[in-house]
Structure formats: structure tokens, C-alpha cells
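Below you'll find only one chain, the form predicted alone, shown as C-alpha cells.
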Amino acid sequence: MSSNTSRRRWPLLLPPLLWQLTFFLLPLLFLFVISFWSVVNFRLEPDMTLKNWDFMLSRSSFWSAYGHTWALALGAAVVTTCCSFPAACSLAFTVSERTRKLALMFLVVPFFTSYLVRVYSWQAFLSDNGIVNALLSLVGLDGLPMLNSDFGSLVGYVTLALPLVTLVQTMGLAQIDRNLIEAAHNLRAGPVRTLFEVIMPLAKPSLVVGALFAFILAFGDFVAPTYLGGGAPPTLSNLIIDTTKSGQQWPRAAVVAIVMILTLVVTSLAAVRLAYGRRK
């Protein structure tokens, strides 16, 4: 790349750099700084103390919430990936280009509505006297406790991430060379073997990135674990809300937020390496 070409590209890099600086790095820096501040008489006082970090990281309830959040986010990533994959395969391989574009457009439609409203609507289905238990009682089965449980949280996470993950998977699967699939069929590979030995390895980046999106969305979500999961045991997002409500402890909440960000950064780097690590 010539030096003239590099100079011409610098102006194009400025908008994303300014965006990252304004909306991510500066807020993150402020969050990091106030994690060392103190709260005196319900007011933030600039300070440089480690007592907030020591207080939060030494509590078993913090690590319990951390493990619970990790488990829920991982479960959401697995469930969402498994639910999205059949639909993505169908859109990528069995429908026409026009139908695929129309379906992808409909995958964006859920983002036109409030996520909070969609989560509230699930309460009508998952409550003890809700639609699902009413249908179970019609066939002679006992009702199931679905609302205010981890299952309810997972339903909310899947509601949030499913359209996006399906979109990512479909775009990845659509890029697969059809000649490779035809070659597998010509070599008498069955549908299952073709799926696991040809399609899934080629689609690994989109599968991993889609799962990563689901993990990130679930890890930081507050709505689903509160309104469908009942908030007990708490996730890290619930812990942030509880911490800010108890004595305006924003510095301690900042500690939790920074731990969440670091976790997502490490997880994202590991996922990207898993998806693209072997490519030259």
C-alpha cells in the first residue's frame, strides 16, 4: 500500500474513531474513574480508594450473580444458535433470492417494537394461569412454573437475540459455495454428513459470531431476568440496579459494570479467535 493511499484513507477512518472515542472510550474512562470515588451522605466525592473494588469482589453474592449471569448467557447463546440454524439453512439453501430478501426484511421487523413490550407479552403465556398452562390443562397435564424462573429469562433472551442470530447465520450460510455441497453429494455423502462435515465447518464464523451476539445481549440484559426471571437469583444487571438503589452506591455499581465489560471483551476475543483463528 503506497503512502499516498494511506493518507487518502485517514479521513475515512476519522468518523469511526470519533464515534468510538465519544460513545465508548470516554464513558468507559469515566466509569473506571468513579469506581475509585466515595459516597458521602449520598453524594459522590472524588477519591482514589480501592474500597469499592475490595467490597464488591470480596462478596460471595457478587460471584454468585456472576456465575448465574454467565450460565444464563451461555444457555441463551446455545439455545438461540440451535433454534436459528434450521431457519437459516432453509433461507440460505431452499428459497429463492427474492424470498430470502423478504424473509430477512421480516427478521428486522421485531426491532421496530419495544423489547420491553415483547417481554411483557410473554407474561401472558408463561404465568401460572397463562396460555401455556391452560393448554396443558386441556390435555390433562399439570401446569409448569415458567414465569419468575431461569426458563422465563431464557425465553426473554431468545426473544431478544433470535432475529439477529438468524440474520447473521443466514448471511454466512448464503456465502457457502454450492459446488462444495454438490461435490459432497456426488461423493455419496448423506445429508447429515454433508451438514456436519461441509456446511457447518464452512459456516463456523457466522455460527460463532451469531452465538457471540446472543451471549453479549443476554449477559447485559436487565429486562428479561427482571420481568420474566423474577430477579432472583440476581444477575449482574440486577446487582447494578440494587447497588445504585442502596445508598446511591454508583462507584460499586461501576465496579460491577467494568467487570462485565472485561468479561465481554475477553469472551469476544476468544470467540473471534475460534471463528477466524486458523485463517491466514
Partner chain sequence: MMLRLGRWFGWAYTGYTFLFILAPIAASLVFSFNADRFPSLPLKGFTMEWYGGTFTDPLVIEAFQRSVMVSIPVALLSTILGFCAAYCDFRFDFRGKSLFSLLMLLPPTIPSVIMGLGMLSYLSRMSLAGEVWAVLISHVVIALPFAMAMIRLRLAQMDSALEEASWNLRASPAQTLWHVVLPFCKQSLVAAFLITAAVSFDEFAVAWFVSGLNETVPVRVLVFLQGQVSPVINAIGTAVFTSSILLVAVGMAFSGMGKAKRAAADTPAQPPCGVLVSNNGLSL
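Here the structure is a predicted model, which means the values were calculated and not measured. Numbering follows the first chain given and starts at 1. Rigid core here is just the name for the largest C-alpha set that superposes within 1.5 Å across the two forms.
Although it is not shown, the form predicted in complex with the partner chain is what the next lines describe.
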- Examine Q175 and determine whether its closest non-hydrogen atom to the partner chain in the predicted bound form is within 4.5 angstroms. no
- Task: Answer for P110 alone: is it within 4.5 Å of the partner chain in the predicted bound form, judged on heavy atom distances?
- Result: yes
- May I ask you to check whether G75 falls inside a 4.5 Å heavy atom distance of the partner chain in the predicted bound form? no
- Task: Mark A270 yes when one of its heavy atoms lies within 4.5 Å of a heavy atom of the partner chain in the predicted bound form, and no otherwise.
- Result: no
- Contact assignment for the partner chain in the predicted bound form, among L207, A184, L162, I199, heavy atom within 4.5 Å: L162
- Check all three, C83, A103 and V155, heavy atom within 4.5 Å of the partner chain in the predicted bound form: yes
- Taking only heavy atoms into account, state which residues of 115-129 are within 4.5 Å of the partner chain in the predicted bound form, ordered by sequence. Y115, L116, V117, R118, Y120, S121, W122, A124, F125, N129
- Message: Could you check, with the core superposed, whether the Cα atom of L269 shifts 2 Å or more between the shown form and the other one?
- Response: no
- Does S58 show a Cα shift reaching 2 Å between the shown form and the other one after rigid-core superposition? no
- Item | Rigid core superposition, K245 Cα moves 2 angstroms or more between the shown form and the other one | yes
